[in-house]
Every structure is written in C-alpha cells, then in structure tokens.
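A lone chain, given as structure tokens: the form predicted alone.
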C-alpha cells in the first residue's frame, strides 16, 4: 500500500463516509464525503457523467465505482449512500432526498451566506428561498416546455456549432444581444434560425438567449420573495454568461440580490444528498437496534 493510499485510508477510518448520487435528465453527478465527528467535511471525490443514450443504471454503477476508486474508499466503507433526482435508478441507495432539499443543502455547504437558489437542470429550472439551515421556505418552477432549461441551450449550441463550455465566454463577449422568445422553446429556436440567416453573431445570439432565460429566473425568484445572495446550481451553474445575464436582469429590475456560483456548483445536488445522508445515518445510529 502506498503512502497516499495509507493516508486516505486513515482519513476514512476517522470519519463517516457518505455518498450522494444526483440522477438528472442528462447527467449523473456523484459526491463522496468524509464527515468528521466535529462535522468537518472533506470532499473525497466528485464526478459527473453524461448519459448520452447509454443505459442509465450502468452509467450510475460505473460512475459510482470510479468515484469510490478516486476517493480510495471500498463500497463497504460507505455508511450511507443517498440518491436525489431519479433516485429509483440507484439500486444501492440507502435513502432518497427530494431534489430541492438536496440542492438547498449543497448550496449552503458551498456558499454559506446564500438565502436563495436557482437550480437550472436539463428539463426545467426552479428557484428556492431558503434559510441558514437550508430549509426550503418557498419555491417556483418552470414548465418542461419552457425555454429556460439546459436542454434548450444545449440544442441551440449544437445548432450553432458551439461546445457547451464555450457558450458562457462567447456570451460575455456580446456587444449587441438579440432578443429571443421567452415563452416557448420551439419559438425561441425559430428565432435563432432566423438570426443566423440574418448574419447575427453567435455571441449576440447566445447573450440574447441568456437574457431571455435570466428574465424567467428573475420572475421565479420574485415569486418566492427571495432577496440577498443567490446561488446558481445545476448543470448550467458553470455557465458564466448565464450568471452574468442573471445579475444584469436583477440589477435592471432594481432587486436586492447578488448572484453567485461556485466551481463545484454543478455538484450541489449530490453534495446535499451526501450531507443529508450523513445526518440521517447519525440519527438512525442513535436509535436502539440500528447499527452505526
């Protein structure tokens, strides 16, 4: 056994190991944590795998195995594996947590001062007002057919021939953003096709889409009564163009909000599931007859 492996095993032995598996519509995110007796949390592994028409159960099992390998943790050392999202596909889970609950907990872990969350997934987006203990106090959600979703943006990027990781930086370079439909994804995609035919730059098209999406998210936030610092989570949390557009819309409407993201924001659901799993495990372990 190497020195690095010995150190990792020693750290595993000194704390509670938990795992969170966030099964979304387009990707599976996995987090493996060590939670110390003093509640100090160490992130041992984070992993995201696109589904890409593969068998979902296989994607989950393979991703989980690779995440444990990265963390230098054996499956039997995981005290609690929790799922969120499409949790019924995680056949090794010990418990399941609702998506909003998991994202709220993950957001507070990453950005302790936030009091609202915008979770942008592949099929929908939702805004949540939360407290300092990550309790969800109110929420609003877009419909699946709306244009404020990750799948819609991915479709547009594919049509424009732009990689997803290039979308945000390109949007930030826009000088003259073009307005697109904010009601229906089909109409919005038609707008994009017309813009391309008119010679509108890719940067201006993407910024217009970001502003359209941001307008929908601001309405959701206002409906929840959110204020203060807001975390962006989910698959589009790494999109710097979307975060900037959302802040611009917030400023435009004179709202007292600051939009924040974090390098690990796309894993917020998996992190939250793992953290709640650790809490539930310790509660159960204190009850008679339940092994620790």
Partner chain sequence: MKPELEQLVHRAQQLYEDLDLAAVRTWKQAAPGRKAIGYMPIYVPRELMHAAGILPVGILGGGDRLEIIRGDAYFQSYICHIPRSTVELALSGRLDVLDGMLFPSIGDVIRNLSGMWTMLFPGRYVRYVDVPQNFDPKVGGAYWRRELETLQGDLTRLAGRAIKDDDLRHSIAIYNQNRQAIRELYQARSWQPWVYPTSELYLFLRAGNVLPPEEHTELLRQYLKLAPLEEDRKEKDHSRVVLVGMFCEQPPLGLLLTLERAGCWIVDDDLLLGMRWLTGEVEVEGDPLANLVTAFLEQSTATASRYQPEGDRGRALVESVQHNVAEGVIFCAPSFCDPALLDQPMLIAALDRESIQHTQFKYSEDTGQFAVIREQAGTFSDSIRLWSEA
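Numbering follows the first chain given and starts at 1. These numbers were taken from a predicted model, which means no experiment stands behind them.
Missing here is the form predicted in complex with its partner chain; even so, the following discussion is about that form.
Note on the partner interface in the model of the complex: the residue among 198, 133, 158, 176 having a heavy atom within 4.5 angstroms of its partner chain is 133. Proximity to its partner chain in the model of the complex, taken as a non-hydrogen atom within 4.5 angstroms, holds for one residue of 126, 115, 216, 207, which is 126. The stretch among 159-167, 98-106, 186-194, 69-77 whose residues place heavy atoms within 4.5 Å of its partner chain in the model of the complex is 98-106. In the model of the complex, at least one heavy atom of residue 139 sits within 4.5 Å of a heavy atom of its partner chain.
A residue is said to contact a partner when one of its heavy atoms sits within 4.5 Å of a partner heavy atom; residue 284 meets this definition for its partner chain in the model of the complex. Taking the partner from elsewhere, residue 86 is found to have a heavy atom lying within 4.5 Å of its partner chain in the model of the complex. Although the partner is absent from this view, residue 94 contacts its partner chain in the model of the complex, with a non-hydrogen atom inside 4.5 angstroms. Contacts between 267-283 and its partner chain, taken as any heavy atom within 4.5 Å in the model of the complex, involve 276, 279, 280, 283.
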